[in-house]
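Next up: just one chain, as structure tokens, the form predicted on its own.
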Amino acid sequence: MRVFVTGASGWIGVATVPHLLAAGHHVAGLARSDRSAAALRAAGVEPVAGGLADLDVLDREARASDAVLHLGFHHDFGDMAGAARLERQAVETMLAALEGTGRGFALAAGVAGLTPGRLATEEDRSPHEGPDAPRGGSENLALSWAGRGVRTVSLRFAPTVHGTGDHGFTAALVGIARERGVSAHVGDGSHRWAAVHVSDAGRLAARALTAAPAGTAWHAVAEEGVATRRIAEAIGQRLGLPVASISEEDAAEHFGWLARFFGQDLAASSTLTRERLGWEPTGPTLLADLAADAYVS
């Protein structure tokens, strides 16, 4: 079948596309630049010129495809409200194009913020509702279309999808430690972060797109919760830096925009995902990646 992928040249997209191609699907990927288009073409993907703001392109490609995998997101931490509006418009456009077809639509979401203070499961509903919510409330929006003839699926990724080449949260933590000369955690460091290796995340995304029932959410989580203290210690050991505790009051000054995430308890289970989709993570753990060369070259 023809699969349209936004974010196909991104971190998780690059890990997902080979599984779709190996299954015999024709993959078309959204490309915002000539460089992205060339990378997609080299990977065996049909490049589609455009970005998430090009709603006419999203509409056309969704209508021409048998399934849509929405992994793209405009990560603008300086204008999160604008990024949320853009996300919601993009998702609404593609859902409308698929209405009544029974075709698949899987979108990237996260386990972060689902159930602060306790382990999140696949059966927990996202608290992010409406256009002003984080990511424009796109997860609940998409799942609500399961009754409108679209096989919608939510892919909830761990807050750190780690591996060599990662430019996300974990890479940011390593960069902050280098800059500050100290690897820090917030408070006593008992906050937990769920984690998954990018190879496992990509395998799950491809499987859920084609096999998951409508209106369901799945967790790309290999480790339910790694204590932030242990993350800080692993970074400190690899970089040869001291490890320190930062108070909640000083976290924003030390970590910047990352403080809002690193000071939270973001643990999640993937028990139902493993049981019902037959997915079993096999990649390295977060601490193993930190101890190796994934973040230090």
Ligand SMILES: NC(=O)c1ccc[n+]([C@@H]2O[C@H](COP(=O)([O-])OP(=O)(O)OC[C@H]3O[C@@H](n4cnc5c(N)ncnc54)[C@H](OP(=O)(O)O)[C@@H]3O)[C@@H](O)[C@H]2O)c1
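Model, not experiment: these values are computed from the prediction. Start at 1 with the first residue shown and count on from there.
The form predicted together with this ligand is left out here; the points below concern that form.
Asker: Looking at 108, 217, 114, 222, which is the one with a non-hydrogen atom within 4.5 Å of this ligand in the model of the complex?
Answerer: Residue within 4.5 Å of the partner: 108.
Asker: Which one, 28, 52, 251, 62, lies within 4.5 Å of this ligand in the model of the complex by heavy atoms?
Answerer: Of 28, 52, 251, 62, the residue with a heavy atom within 4.5 Å of this ligand in the model of the complex is 52.
Asker: Out of the stretches listed (150-158, 174-182, 203-211, 118-126), which one is close to this ligand in the model of the complex, meaning heavy atoms within 4.5 Å?
Answerer: Every other range fails; the passing one is 150-158.
Asker: Decide whether residue 273 counts as a contact residue for this ligand in the model of the complex under a heavy atom distance cut-off of 4.5 Å.
Answerer: Output for residue 273 is no: heavy atoms all beyond 4.5 Å of this ligand.
Asker: Looking in the model of the complex, any heavy atom of residue 17 within 4.5 Å of this ligand?
Answerer: Flag for residue 17 set to no.
Asker: Please run the contact check for residue 286 against this ligand in the model of the complex: heavy atoms, 4.5 angstroms, yes or no?
Answerer: Taking the distances in the model of the complex, the answer for residue 286 is no, it never comes within 4.5 Å of this ligand.
Asker: If you check in the model of the complex, is residue 73 within 4.5 Å of this ligand, heavy atoms only?
Answerer: Yes.
Asker: Give a yes or no on whether every one of 7, 32 and 167 sits within 4.5 angstroms of this ligand in the model of the complex by heavy atom.
Answerer: Contact check passed for all of 7, 32 and 167.
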